[in-house]
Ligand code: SAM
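Next up: just one chain, as structure tokens, the form predicted on its own.
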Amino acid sequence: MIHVVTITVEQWGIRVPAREGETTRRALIDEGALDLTLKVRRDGDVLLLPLLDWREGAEQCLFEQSPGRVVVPRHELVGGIAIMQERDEVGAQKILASRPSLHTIVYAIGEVSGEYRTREFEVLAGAPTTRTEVIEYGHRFHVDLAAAYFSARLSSERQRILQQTGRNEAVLDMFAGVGPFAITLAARAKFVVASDLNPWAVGLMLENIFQNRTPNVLPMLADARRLAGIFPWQFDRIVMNLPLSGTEFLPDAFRLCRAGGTIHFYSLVAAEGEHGECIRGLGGEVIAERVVRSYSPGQWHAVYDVKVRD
């Protein structure tokens, strides 16, 4: 008699209604967030999807390992590139062989830094490039990891803000990078200004605007501190995705946002309500505060949805 040994492991998982399971599963795969070495669990009318990392709504769950799946080192997917947090050339070859869609495996050297928000990478396996294409909810984004900041983990955030955006809104993305927020929100907004200080990011943004056919996005190479002196109008909605140092730009965002408008302010925080007093002092009301993802022990990436008071 052959005995089949089932191996179970504890991992982060997220619950979704079974009818939404496949859509959510595909989105998590595109985002590089689904743990493909583990089986999806069914619990009545709910599916438990295994995640590579914690996110809002996740819980510790027991999952069975998928038969025949090669266990590979932890990594993050961005298009056809896998980013490893450890320099493991053998593991890199395993990852490359496990996924036909991948063309390059890189090791992240250090963190995002500098005024252009860039990061250094070392290619461990595959094609010698840091450039790839990311498909996200029907959009295609040209990305160069070494030249401009991009986070696939914010794909659900872009969809969340899209659902809040009105048809006649004027939107400002103060730190637009290669344009994922701006191009996503352009599907509803009347007009989107997408600004960034990094010339390589703006160059990629121009490619993405053209590829996604979004003529209502205006790309700008500009310092966010100077935007209030450029525009003779105020915006209905402002996105501030500069988690390492966005706080210093909050006064500029309040000058650029109309009374009753909304600011989506992203920041790395170590405590709930960390920026609440500052926001209230500038004339804003925090209408929602939520964790986007974990960043490091004792620190997480949070977003404040802020209403500018009349």
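Everything numeric here is computed off the predicted structure, so don't read it as measured data. Position 1 is the first residue in the sequence shown; the rest follow in order.
Omitted here: the form predicted in complex with the ligand. The next part is about that form.
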Applying a 4.5 Å heavy atom distance criterion, does residue 158 contact the ligand in the predicted bound form?
yes
Consider residue 116 of the chain shown here, and say whether it contacts the ligand in the predicted bound form, taking contact as heavy atoms within 4.5 Å.
yes
The ligand contact in the predicted bound form: residue 235, any heavy atom under 4.5 Å:
no
Are any of the heavy atoms in residue 176 no more than 4.5 Å from a heavy atom of the ligand in the predicted bound form?
yes
So which stretch, 98 to 106, 186 to 194, 218 to 226, 159 to 167, is the one near the ligand in the predicted bound form (non-hydrogen atoms, 4.5 Å)?
218 to 226
145, 154, 124, 209: which sits within 4.5 Å of the ligand in the predicted bound form by any heavy atom?
154
Give a yes or no on whether every one of 262, 284 and 304 sits within 4.5 angstroms of the ligand in the predicted bound form by heavy atom.
no
Those residues of 239 to 257 which, in the predicted bound form, come within 4.5 Å of the ligand by heavy atom:
241, 242, 243, 249
